[in-house]
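Just the one chain here, the form predicted alone, laid out as structure tokens.
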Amino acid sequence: MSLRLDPWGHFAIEEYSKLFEQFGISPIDALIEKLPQEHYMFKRRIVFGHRDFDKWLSMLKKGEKVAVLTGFMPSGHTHLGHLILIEELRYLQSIGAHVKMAVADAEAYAVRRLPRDKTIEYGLEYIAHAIAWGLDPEKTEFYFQTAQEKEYYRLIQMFSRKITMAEMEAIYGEISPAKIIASLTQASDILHLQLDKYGGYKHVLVPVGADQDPHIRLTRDIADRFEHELGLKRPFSIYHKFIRGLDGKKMSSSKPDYAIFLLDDERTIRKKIMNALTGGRPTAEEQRRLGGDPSNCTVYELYMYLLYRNDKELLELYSDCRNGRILCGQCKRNAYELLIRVIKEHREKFESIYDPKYLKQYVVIPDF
């Protein structure tokens, strides 16, 4: 069955291996040993695929100017799914890449139909969370799409000349005018760093969730068509798996009961975790006798994606679950206690940062 990737959808991807066969994404496996520093997200194949990441790593090793560009749609409060991408940015910055982070407020207004004031509010929240999690604000560029300069917007107009409606439909399926503009704007997000005005970074890596690959494919095609006119080069990309919502589907701001937000209070987080879908058996007796299935457990994913950085601890938990040595209730309570510690520490930093007067030194805040 053919897979369709919808960058505006709310559905989890069930079989990541199909992306290798159907879309030409390459497995990350062969590149793990080439990383300048080890990172658990690569070892555990949370970052599972790429397009030409080996070439980007080679440029980094040679000391050439390399950059990372990714963005966040400010359609709701920041949740753990966003934190996974922020951790990728923190890591890539630590190995020497220049990081630029877009707030896709134009897209949120047009496609998600959010009020302008909300797109700004959520966007500033994302930036504050990114800094609190460890991105160095002195070495990171942040921007809102609607506060960019004319050269950025000129690219959107130019790109529209060399792409057809048939191509857009082949990549995205049924598509509206708002989504067409959003797609071309994302191409400008990814490629504008290559212009001299924005630093002349010809080696741009884009870390994204796998559902965003349509934007990457469109942008690589556009870069090819503007190589001679504008000197644009194909961007590189890496893809991470989604941490699932607590209902087993894609974690999304639009389903607040199943997402863990970084501003949730302790009582709310506990309630969400205790109600989470697991891979456990219907009864404690069956769990002890038959064991559980961590691969179908949203709580186990909390440990794998965030709570256990030590592989030995994670393997022990996996074994305890499979062999019935731990019941879901205890596993959930342990996860809650660990997560609360992480969120408390993070929130203290966030609260000292989340102030427009502080953030305006790092980002131009659009007028409402």
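Residue numbers run from 1 along the displayed sequence. What you are looking at is a predicted structure, and each value in this text was computed from that prediction instead of being measured.
Form predicted in complex with tryptophan (TRP): not shown, discussed below.
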* Asked: Is every one of E107, D189 and V208 within 4.5 Å of tryptophan (TRP) in the predicted bound form, counting heavy atoms?
  -> yes
* Asked: Since exactly one of G245, G123, G71, P235 fits, which has a heavy atom within 4.5 Å of tryptophan (TRP) in the predicted bound form?
  -> G71
* Asked: in the predicted bound form, which of the listed residues (Q212, Q194, Q148, T140) lies with a heavy atom within 4.5 Å of tryptophan (TRP)?
  -> Q212
* Just one of 162-170, 181-189, 131-139, 253-261 has residues with a heavy atom within 4.5 Å of tryptophan (TRP) in the predicted bound form, so point it out. => 181-189
* **Sequence-ordered list of residues in 233-252 near tryptophan (TRP) in the predicted bound form, where near means a heavy atom within 4.5 Å** => none
